[in-house]
Structure formats: C-alpha cells, structure tokens
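Take a look at this one chain, the form predicted alone, written out in structure tokens.
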Amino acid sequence: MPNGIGLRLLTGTITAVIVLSTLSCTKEPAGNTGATAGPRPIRIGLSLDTLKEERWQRDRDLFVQYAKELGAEVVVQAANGDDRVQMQQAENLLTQGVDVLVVVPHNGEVMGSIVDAAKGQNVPVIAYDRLIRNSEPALYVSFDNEKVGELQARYLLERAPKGNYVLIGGAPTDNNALLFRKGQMNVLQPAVDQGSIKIVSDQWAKDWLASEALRATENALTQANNDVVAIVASNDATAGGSVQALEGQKLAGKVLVSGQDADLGGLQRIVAGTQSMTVYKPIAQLARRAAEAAVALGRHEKLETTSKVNNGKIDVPSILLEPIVVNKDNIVQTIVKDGYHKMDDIYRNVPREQWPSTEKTKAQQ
C-alpha cells in the first residue's frame, strides 16, 4: 500500500474490512453539494465478491490507492463468494453512510436488490467489472467482455481451424461469464455450422474454480478419447484446471488453451508452453476510471460515459475499456512493460537461456 494511507484490517471467517482514510480529511472536496457535509471526505463502499483470487486483491489495492489520491476514503468488504454475506455486507455499508457503493457482484441477479435499497437512500451504485442485472445502477465500468470471448475463440480458431473443441465457462451466476460465452460463440458458431470444428463438451465452472474446470476437462477428454485440439477456458484459473487435466493425459502443450486476467500462474504456463494465451485487462485503468467515477458521483458531478449496456431493466450508462491478447511473443511489451508482473516471476520456471534476451527486451519496451 502507498504511504499516507492509515490501514485498519479486521479479519473474520467470511469478511475482510479495510478502512482507509486520507490525510486531507479536514477539507471538504470541491464541488460537493451536501453528500459529504462537514469535514468528512467522500466515503466509498467497495463490496467485493471475493479476495481469494489474485485478480481481486489487485483491483482492491489499486481502487483504494486511486480513491485516496482523489481525496476519498474507502471501506472494503469481501464476501468470499457467498450471496447472503455480500448482501449483508452491502447493507452494512449503506448503514455506515457511504456516499457511493461500488459492487463486484458474486451474483448479478441477486445484487439487484441492493441497488434498489441504495437508490432508496439516494446512494448511487457502480457495478464494477460485472454487470448487476434488473436494477438501476448509476454506472457500469468494465471491459468489453463480449470482445474478450471473441479474442479467446479467434486466437484458438486461427491456430486450430479443424477438430474437437471443449468449452469451459466461468461461474454461471456471473454475467461476465455469459458475455464471454456469447463472444466465443460469435466466432465459433460459423465454424461449427460449416462442420470444420465440433464442440464435444460445453461446461461451466462454479465460482470460477480450477477444480471445477479440472473435473469438466477430465470428463470431456474421456468422452472424446483425448481427441481434442482446443480448450476455450474463460479465465486463467479455469485454464489452470484444464491444463492440469491435460497433464494427466500427457497432452499439455499439445492442446491449445485460452485464458484471461493475466494471472501470474497463467503467464507462467504460457511461457512454459502449456497455455496458449491470456486476455490482459489493464486493471489499473479499470480501477482508476471507477475511482474517478465514484468520486464524481459522490460530488454529484455529471459523468461522461462511452456506451450503454442493457441489464434487463435499463440501458446502464457504461465505460467499457479495451482488452488485449497476450501470448509468449508480447508478454514483455505488455505485462512486463506495464509493471503488472515482473519478468523474473513470469519466467521463474523457465531455464534462463530461454528468457528473452536483454537487447530484445529493451527493444520491446
């Protein structure tokens, strides 16, 4: 965490709460029209589905950092994938008097009711990275998730235009998982219709668990007698489960596997040759835009959005950022250059002589 942030961490079996206050608490933010009356800065509640994954720990840290730089304080709670707990935590944040609620929903349908509750208290809600459905959030900030699925499928299809495919989706309760699948099928369906590829298994991994992906991939390989050319895994965690199943059949590195999130484990598999690609979503950009939007909403300022996404009830004002395909060839000029992961960590399990040369690395940067 950056210097200047007071940190208080309360741990429990299901809840992590982080309260961060700025050093500028004695001055009301400019442009505030009453939501943060008196000396108190804008207070943002951040309700997270989970902190068990590296991805969400990074989002939390960056969002808190950027909010602090903008003169706000953040109260963070994480539900560890429990809908009931997340609902209770979000209600608690409203009770604490937050000015804005930022939610990464475990279940996009269930959390619609917290949007309604917040609206009743004139607290705007931002759906962070995952859409909250059938409600009226003030903003949705994410990446173009349908495009993420298209990038995954296109990468594999260009390299394996014929043969049997396995699809491993994410949590069916996560609207993003549905968008990824929609994007994947935008690309794959024409090839299926032409008979050039066949989808031999289409499964979903509960809560994005690698163990679920492992089980589904093992079953798919058994059903197809190991005759599989590509596995469209929707993120790096599920890709890890699929690669583990392939290793059990001595097929790792022979079957193409997609991923997403640029997790360290996924990148290590890419340079080792067992995972083909990942989709990098620059989390720093996402966290910064969300923090800026949260502060603006807390100050009752007008937001500029780039598009709208229908959530079943309204067209939600949205800010959608661009995802990036990453493979072994461009890890240095994307992941390493952005400081998202260090090259020493990515190539930790690769013989030193196989690392990119110093000259090549400098040229790419």
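Just so it is clear, the structure is predicted and the values come from calculations on it, not from any experiment. Start at 1 and count along the sequence shown; that's the residue number.
The same protein also has a form predicted in complex with a small molecule, omitted here; what follows describes it.
- Picking from 76 to 84, 224 to 232, 95 to 103, 169 to 177 the stretch near the small molecule in the predicted complex, with a 4.5 Å limit on heavy atoms, gives 169 to 177.
- Contact annotation: of the candidates Asp61, Asp338, Glu69, Glu53, the single residue with a non-hydrogen atom within 4.5 angstroms of the small molecule in the predicted complex is Glu53.
- Checking Ser242, Gln260, Gln184, Gln275 against the small molecule in the predicted complex, a heavy atom within 4.5 Å turns up for just one residue: Gln260.
- Contact here is defined as any heavy atom lying within 4.5 Å of the small molecule in the predicted complex, and by that definition not a single one of Arg154, Tyr280 and Lys328 is a contact residue.
- In the predicted complex, Asp129 approaches the small molecule with a heavy atom inside 4.5 Å.
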